[in-house]
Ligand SMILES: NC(=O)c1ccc[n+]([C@@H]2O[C@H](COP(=O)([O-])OP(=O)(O)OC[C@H]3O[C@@H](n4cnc5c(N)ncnc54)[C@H](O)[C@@H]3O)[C@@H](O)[C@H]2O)c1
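Before any questions on how it binds or moves, here is one chain, the form predicted alone, in structure tokens.
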């Protein structure tokens, strides 16, 4: 484990921690001595990710969670608070996306996308906020997307709409929690090299490189670095903001 105690004794919930950006965020906090509660629907992938971190020392815990289930979301926040006596940071990273066109979008896919990307984020943030209000401290960091600002290029309409709504939800929570010394911000990645992107874009993923001023795809580590900054004391006076991590695509 890295000799870095930046987040020592901090209890950190990360959703979408089984793979991609969420996994890297959890790993980065763990490397800074944070106590990690990694959440995902993918039980096998989640246990693999958490197992790799445990092997390096420190504390991390896997919790299988379906964000579409509001009762399960509330139960998770309650369990973490009972177990650790506090929650310091929530990172809402879990999200789903496909390349389904407007013409082919089904009602079920629309509802599922918004349930995971928006509904789950709202109810978990609300449940965690109850703890942060009592503590009068804490951070919530949401992972939105460039697609929420541009409407997307190859991502579907449900994904773009859900991520635009995440931005408004971020601002709403930031205002609601400001008087309790709790900050709420978001990181908006551009086109990222993740399994989710590769699944619906295939080789077309690399067509985006020419559209990115810095000349490469966003990596999960780029997003993790931004999240750790917003979670740190250096960002104590920043709230309700979007940090774009897109290599200059949204300018």
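Computed from a prediction, not measured in an experiment: that's the story for all the values here. Residue numbers count along the first chain shown, from 1.
Not pictured, yet referred to below: the form predicted together with this ligand.
Trainee: Suppose contact means a heavy atom within 4.5 Å; in the model of the complex, does that hold for all of 122, 133 and 169 with this ligand?
Mentor: No, because 122, 133 and 169 lack any heavy atom that approaches this ligand to within 4.5 Å in the model of the complex.
Trainee: Heavy atoms within 4.5 Å of this ligand in the model of the complex: which stretch in 158-166, 82-90, 102-110, 122-130 meets that?
Mentor: One stretch meets the cut-off, namely 158-166.
Trainee: Any chance residue 196 has a heavy atom within 4.5 Å of this ligand in the model of the complex?
Mentor: So residue 196 counts as contacting this ligand.
Trainee: So, in the model of the complex, is residue 12 in contact with this ligand at a 4.5 angstroms heavy atom limit?
Mentor: Residue 12: no, not in contact with this ligand in the model of the complex.
Trainee: Taking the shortest heavy atom distance, is residue 116 within 4.5 Å of this ligand in the model of the complex?
Mentor: Contact check for residue 116: yes, within 4.5 Å of this ligand in the model of the complex.
Trainee: Indicate whether this ligand has at least one heavy atom within 4.5 Å of a heavy atom of residue 52 in the model of the complex.
Mentor: Contact with this ligand, no.
Trainee: Tell me, out of 224, 184, 67, 36, which residue has a non-hydrogen atom within 4.5 angstroms of this ligand in the model of the complex.
Mentor: Contact with this ligand in the model of the complex is made by 67 alone.
Trainee: Just to confirm, with a 4.5 Å cut-off on non-hydrogen atoms, which of 211, 216, 204, 41 contacts this ligand in the model of the complex?
Mentor: None of the others qualify; the residue that does is 41.
Trainee: Under the 4.5 Å heavy atom criterion, name the residues of 89-109 that approach this ligand in the model of the complex, in sequence order.
Mentor: Counting only heavy atoms within 4.5 Å of this ligand in the model of the complex, the contacting residues of 89-109 are 93, 94, 95, 96.
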